[in-house]
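In the structure tokens that follow, the same protein chain appears in two forms, which are kept apart as structure 1 and structure 2.
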Structure 1
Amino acid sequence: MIKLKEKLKQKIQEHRPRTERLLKEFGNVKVGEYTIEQVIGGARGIKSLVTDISYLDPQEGIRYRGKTLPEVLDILPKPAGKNYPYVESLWYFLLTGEVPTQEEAEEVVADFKKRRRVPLYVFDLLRNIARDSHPMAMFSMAIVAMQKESIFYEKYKLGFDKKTAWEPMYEDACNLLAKLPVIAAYIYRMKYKSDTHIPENPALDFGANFAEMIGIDPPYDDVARMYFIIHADHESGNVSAHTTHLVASALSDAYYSLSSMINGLAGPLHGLANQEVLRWLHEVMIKMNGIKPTEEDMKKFVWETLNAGQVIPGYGHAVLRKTDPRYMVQRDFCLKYLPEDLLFQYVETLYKVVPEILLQHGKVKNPWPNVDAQSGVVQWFYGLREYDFYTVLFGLGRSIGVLANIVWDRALGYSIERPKSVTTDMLEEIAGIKKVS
């Protein structure tokens, strides 16, 4: 048993009494109230989920285990000579809440390398899917196809033990997470690079191995680490995280649960937004004849866009009321490594003018950019220019957080999720609306 699993077991044993006491002694304490708008509007803002792994503060942005993204990127162990941490060290941190030592992080790196091998039937399946299918559909099918490998499923058939059920879920999560870069890279090379493939490199960590397998040289390995880490988690209420939790709450294994997450992430209102933003940016460049924009030129364009009833993609957020910290991490990278890139200059000019204009326009609660406003720029600069694949990158990163969450869901024995519905007639009665006979 590696130190991560030993540490996780210790943390679970320490945490269980807290949850048990809350249920037993304080189960009837009210957490909050909700409105008809929230009931109809997707349960937005209703506090009804629990996760200690991340929290999205409207003013501060996302925190992992209480730490900001810049703090996380600073404190986690890094490969020698690299600027961004091991993805594997984030896995340790999200599961335990403790920053691993260099030795502990590298032990997880070594453990993941042992788990990387993808069953051949997965590649056979991918090769039989229509090549013009969206890569997210391919990714989802490859994940659910491996369900037969589930250790949790096999253990469940032998008899379910609530106290130890987290252990096979942990093993499934580790096995699955280690394989995802190999599967994603295979999809990329098959679909976009003439079906020529680069084998995985047993000497490399999660991020570097992915970069090599898709065929992009360093420093893209650091880009991959950064990208996967900043997209890893975002509380439990967004579609991808909540879907994973919901499906897992039925005691579905990690394969079923993660495949459902990928399906949710593929929606245009969620993860697919990143490719839509980049497509829009290139349309803006064409309209401006590919010339470096002045702030006045961009202001004029933005007002024309809004007055035509269109939105500025990549701006606004359901919870945040400030610039998305994930945007800022990528912006800092761009300012350091590609400040003269024309596409980045367009994004940077938009950042300087759009918030003020949206405030004047008066129709948004948050005029600041979200992660999608910046995500495609770095990828495009380093040569990954296939829009459709950007959401697969998002899915790779988000898998880290959602898999960590469902390991803890299983450890704490969370119940199957089953909210109650009401009818429109009931809501009208609550609102005091009289029916016309």
Structure 2
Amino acid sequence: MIKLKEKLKQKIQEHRPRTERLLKEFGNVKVGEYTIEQVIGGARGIKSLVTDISYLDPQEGIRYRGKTLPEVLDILPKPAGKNYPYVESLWYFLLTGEVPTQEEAEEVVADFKKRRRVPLYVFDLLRNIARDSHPMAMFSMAIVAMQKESIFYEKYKLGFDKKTAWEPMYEDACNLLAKLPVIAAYIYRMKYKSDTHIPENPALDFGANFAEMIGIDPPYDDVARMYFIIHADHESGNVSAHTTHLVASALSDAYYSLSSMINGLAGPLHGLANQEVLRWLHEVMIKMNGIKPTEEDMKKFVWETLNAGQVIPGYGHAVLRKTDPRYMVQRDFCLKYLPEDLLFQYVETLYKVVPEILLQHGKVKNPWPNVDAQSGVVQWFYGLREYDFYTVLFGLGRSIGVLANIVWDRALGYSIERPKSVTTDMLEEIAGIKKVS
């Protein structure tokens, strides 16, 4: 058993009594109250999920295991000579809450390499899907196709044991996560690089192997690590994390759960927004004949989009009320490595004009940019320009957090999800405007 799994086992044993005590002794203590607006409005702000892996503060943004993103990027072990941490070290950190030593991180790197081989039938399947399918649809299908590999499912058939169910879930999560960069790179090269492929490199870690298989030279390996790490988790209520948790709560295995997550992430109000930002920017670029717009020009384009009843992709958030720190990490990266890049200049001009316009527009609760407003610029600069692939990158990163979460879901024996619905008549009665007969 590698050190990560031993440590996780110890952490689970330490944590279980806390959850058990809360349930047994304090189960009927009120957490909060909620309103009709929250019931109709997507359960916004209703506290009904538990995770210790990350927490999203509306003002400050995301913390993983209590640490801000700059802290996480600073403290986790990195490959020799690289600026960004091993993705595998984040996996260790999210699962255990402890920063791995270099040796512990590299043990996970070695473990993931052993789990990387993708069954041939996955490539056969991908080759038989219409080539113009969206890469997120391909990614989702490839993941669910591997369901027959699930160790959790096999163990379940022998008899479900609530106390040990986390172990096969952990094995599935590691097996699946290790394979995702290989699958994503295959989809990318098949769709956009004339179906030519680059074999995986057993010498490389998660991020670097993905970069090489995609066909982009260093420092893109560091870009990939940074990207995957900052997209990994955003507590449990967003569509991708919640979907994974919901599906897994029925004791569906990691393959079913993660495939569903990818489907949720593919929505334009969620992960697909990174693709939509680039599409929007390119429409502006065409209108500007490639010249950098003035702030006045940019204001005009933003108002045109709003007046057409469309959202400004990459702006707004259901929880955040400040600029997303994931936006800032990437903005700092751009200021350091590509300050003169034209696309970055476009995004900077947007940052200057959009918040004020959205405030004037008067609908949004948060006029500030989210992660998706900035992420495509970095990818575009380093040569990954097929922007309908960007949400696959997001999906790869998000898999780290949501898989860590469902391992803990099984460790703590969380229940099958089943919120209650009401009818409109009932809401009208609660509001005091109608009597239900």
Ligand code: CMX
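Think of the rigid core as the biggest set of C-alphas that the two forms share within 1.5 Å after superposition. Structure 1 provides the reference sequence; residues are numbered from 1 along it. This structure is a prediction, so every number in the text was calculated from the model and none was measured.
Participant: Does the form predicted alone correspond to structure 1 or to structure 2?
Facilitator: Answer to the question: structure 1 is the form predicted alone, whereas structure 2 comes from elsewhere.
Participant: Is K300 one of the residues whose C-alpha moves 2 Å or more between structure 1 and structure 2 after the core fit?
Facilitator: After core superposition, the C-alpha of K300 moves 2 Å or more between structure 1 and structure 2.
Participant: Align both forms on the core first, then report whether I357 has a C-alpha shift of 2 Å or more between structure 1 and structure 2.
Facilitator: Yes, I357 moves 2 Å or more.
Participant: Look at K287 and decide if its Cα position differs by 2 Å or more between structure 1 and structure 2 after superposing on the rigid core.
Facilitator: Yes, because once the rigid core is superposed, the C-alpha of K287 moves 2 Å or more between structure 1 and structure 2.
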